[in-house]
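Here are two versions of the same chain, shown separately as structure tokens and labelled structure 1 and structure 2.
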Structure 1
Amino acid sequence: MDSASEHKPGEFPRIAFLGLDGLLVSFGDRLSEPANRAALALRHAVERESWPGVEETTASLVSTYLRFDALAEDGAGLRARLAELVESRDWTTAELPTGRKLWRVPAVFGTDLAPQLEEAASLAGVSMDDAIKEIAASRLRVQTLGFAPGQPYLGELPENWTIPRQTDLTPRVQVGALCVAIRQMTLFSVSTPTGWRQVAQTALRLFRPEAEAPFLLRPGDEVLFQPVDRAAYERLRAEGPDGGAVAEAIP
């Protein structure tokens, strides 16, 4: 066996079976930019391979998952092919998938719509004005989708934003809420309770079940949040589900 399939504890990448019909390749035990890059790049490579019997692929923050037809495909053989692909290069330095988009999303920071901006800024050791500038200057990657349909985890912010989640839940944030914790941001696709601190509100609707492609963002896309005032936010919200967001292809 090669090193990807015969590993020591703590070594990455690591390949493991999940149940009878799943394989998981892990690139780390905690979030990092290289591990997330590797997970996204490997998933794209697996899709290009079009291996018989592979029915689904997805990427989480630091891992790539394959689901296969266990009745039609030999799991051991598929694992061997996967291990060969994993060992073929250093995925932590791989190019990200093609077809990605850069989204520019208007957001109103603070106000009664996002009342935890001051608290989050204090925990990050900056003023509210500087907090807005730091977030707006950060080109955040969609690291994965999860928790709710089409909901992105975005990162990473500068290190001073390694702030904890709340100990208590906010009873409810609205669709389009922008919240922060542990150097990540999440843009809520549904209205829900959360332990993340809300710092801004957008008028963007990410989950569109009526559309042919119900999830607006894809893993690997990037997002820039553009501060707007309350009046602009209200106008954009009235204009439709895009909330003023625009996208361009990433070369």
Structure 2
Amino acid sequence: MDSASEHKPGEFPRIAFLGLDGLLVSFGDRLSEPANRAALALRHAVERESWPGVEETTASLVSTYLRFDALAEDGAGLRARLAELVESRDWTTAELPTGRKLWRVPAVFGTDLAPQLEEAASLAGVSMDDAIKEIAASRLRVQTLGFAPGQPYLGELPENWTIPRQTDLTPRVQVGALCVAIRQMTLFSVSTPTGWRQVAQTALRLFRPEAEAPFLLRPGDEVLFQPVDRAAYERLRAEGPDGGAVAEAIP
């Protein structure tokens, strides 16, 4: 049924228009370390090229996107230039960014703050206690920022966490909600509806528009979630937007 995963390896990287004014280079249809690295490296290369008409670039989990002025720039010409760059080297062997940080973030698992822990654990085939242990033991990498300002996609959890999104949306999760789907976690930087299941709540605010540095995380940073009880969470929350999170440089 999954036609998207039946492509031969030779089909990637793949270039396609996204909307009238965008181009997308995909390095795979499932998440992998090499594909994530390739996406980040190609984005930086496109930035260095400074092609006329290109208005912005970004990298998501396994792809690089560029937006151009469709009325000023011939999309076909840009696509050809991009194809040439993509084929010029093997982007999957690129280095991870330097200057990365490891973040330790306190989180309350379950309780009325994160009522879907039981459902998510059940889908992952483990008890709630084991679910908490497995998540807390996973050193998760910021694979990309997206969905909302400063919000990370974190990966990967063990194989048994390949659980789909919900069919219906949760009407609203709070800022700092830790949610799971398809071996990934996300830590919400805004309050929003979501199709991901919430397993924990943190007191960390990842996007602070009023601050001098509005965005806390960078792609390539790593995160460890540390289970704490409700009382500790409430205390950390009262202390400020860091929610007890601390960062150290990754050597």
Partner chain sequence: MSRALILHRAGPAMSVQDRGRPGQLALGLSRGGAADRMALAEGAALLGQGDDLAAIEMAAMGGVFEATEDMRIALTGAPMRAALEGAPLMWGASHWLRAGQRLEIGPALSGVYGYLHVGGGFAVPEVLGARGAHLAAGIGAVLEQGARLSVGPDAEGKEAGFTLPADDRFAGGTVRAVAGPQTRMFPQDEIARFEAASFTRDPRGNRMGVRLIPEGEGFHAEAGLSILSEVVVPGDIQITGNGTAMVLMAEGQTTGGYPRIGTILPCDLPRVAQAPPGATLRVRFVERPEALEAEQAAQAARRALSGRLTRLVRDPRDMRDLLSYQLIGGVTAGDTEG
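If you're wondering where the values come from, they're calculated on a predicted model, not measured in any experiment. Here, residue number means position along structure 1's sequence, counting from 1. Whichever C-alpha set is largest while still superposing within 1.5 Å between the two forms counts as the rigid core.
| Quick one, which of these two is the form predicted on its own? | Comparing the pair, one sees that structure 1 is the form predicted on its own and the remaining one is not.
| V223 C-alpha relocation of at least 2 Å between structure 1 and structure 2, rigid core basis | No, its C-alpha moves less than 2 Å.
| task | Compare the position of the CA of T58 between structure 1 and structure 2 after a rigid core fit and state whether the shift reaches 2 Å. | result | Indeed, T58 is displaced by 2 Å or more.
| said: For a quick test of reading the superposition: does F68 move by 2 Å or more at the CA between structure 1 and structure 2, rigid core aligned? | reply: Comparing forms between structure 1 and structure 2, the F68 CA shifts at least 2 Å.
| Angstrom shift of the Cα atom of L20 between structure 1 and structure 2 (superposition on rigid core) | Looking at the C-alpha of L20 between structure 1 and structure 2, the offset is 9.7 Å.
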